[in-house]
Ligand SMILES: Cc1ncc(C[n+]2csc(CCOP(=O)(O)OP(=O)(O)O)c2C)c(N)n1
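First, one chain by itself: the form predicted alone, in structure tokens.
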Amino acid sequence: MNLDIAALKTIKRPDLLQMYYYLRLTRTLEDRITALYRQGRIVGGVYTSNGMEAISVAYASVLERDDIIAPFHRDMGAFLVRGITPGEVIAQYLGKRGGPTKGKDGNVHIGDLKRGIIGFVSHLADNLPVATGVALAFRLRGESRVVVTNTGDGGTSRGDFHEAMNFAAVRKLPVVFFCNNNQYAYSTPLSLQMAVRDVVDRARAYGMPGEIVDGNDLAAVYLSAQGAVHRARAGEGPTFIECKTMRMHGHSEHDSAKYVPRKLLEEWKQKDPIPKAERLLQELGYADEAHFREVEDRVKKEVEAGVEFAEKSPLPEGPETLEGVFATEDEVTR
């Protein structure tokens, strides 16, 4: 997507500034979580979206309150936009009662239907058939609501990805499929994973409109998502959006990613979405260096307040481990 100044100015200044704030909050929060992991405070995997924050921040910012997201583990920005707080995220990682799963999980498997977020599991692309099912429910109920779901390039090689895409296309369901094409499915480069150059070609095989967008360009992702969501809400069916980006950390923080050429990482470092967003805001006259420093200070304070909240949050008591897991007798007979 090539953007001109006219297209950029269709995005309202407050919306761009808000998205910039969430970009900074996402990066600062995940960096702090990584530090806690290095200190041995977090047990298990830590998965970050470093270098890819613009994708989830942008698509979540397009949605209306009653829309739904079915995210994956690189979508921290979307969690935050939808209302999950830094304190809740950190409490989740620490296995505390204050996290969304109330201490039942020490990972980023976060969901909250009250905030329009469907929880997910480790198996990538499993969220896509769920999103398609939700979109079908919207269609059957006659509701003007949209679902956005996401996975990585590796997830598009799984069968459930193709089942979801095919069903959504045939039924013209109100769902938008995002792909974070971050070059590697764990340690497997794209060239060894599929014989097509662009993941978007897989969408075309199902008769679904597809688009390639610069995943490090906040405005480009926002405008692409906006068009696809509008199309879905109008009853015109699903869209597949491939976001070209790069995973700047390993698959998770225990992975050193030595299989990635350093030169490639250096090239993508120059395309970091945060400086790119700052240049855009300056070019449009929407913000200056003083504003960027103010946002940086603000998100640091919010993240540290989140750490304090998580540390003070109690661990769950034994009986609480069953709450929300099995249906009670009253729920079954109701």
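Position 1 is the first residue in the sequence shown; the rest follow in order. The shown structure was predicted, so the numbers you read here are calculated from the model rather than taken from an experiment.
Not on display, but discussed next: the form predicted in complex with the ligand.
Figure note: of the listed segments 79-87, 116-124, 96-104, 129-137, the one touching the ligand in the predicted bound form, with heavy atoms no more than 4.5 Å away, is 116-124. Proximity of P174 to the ligand in the predicted bound form: non-hydrogen atoms within 4.5 Å are absent; the residue sits far from the partner. Taking the partner from elsewhere, G210 is found to have every heavy atom lying beyond 4.5 Å of the ligand in the predicted bound form. Though the partner is left out of this view, Y184 does reach within 4.5 Å of the ligand in the predicted bound form, counting heavy atoms only. At the 4.5 Å threshold, heavy atoms of R158 reach the ligand in the predicted bound form. Only one of the listed residues (P71, P238, G215, G152) places a non-hydrogen atom within 4.5 angstroms of the ligand in the predicted bound form, and that residue is G152. In summary, among the residues H251, H162, R204, R233, the only one with a non-hydrogen atom within 4.5 Å of the ligand in the predicted bound form is H251. Contact residues in stretch 6-40 (any heavy atom within 4.5 Å of the ligand, taken in the predicted bound form) are absent; none meets the cut-off.
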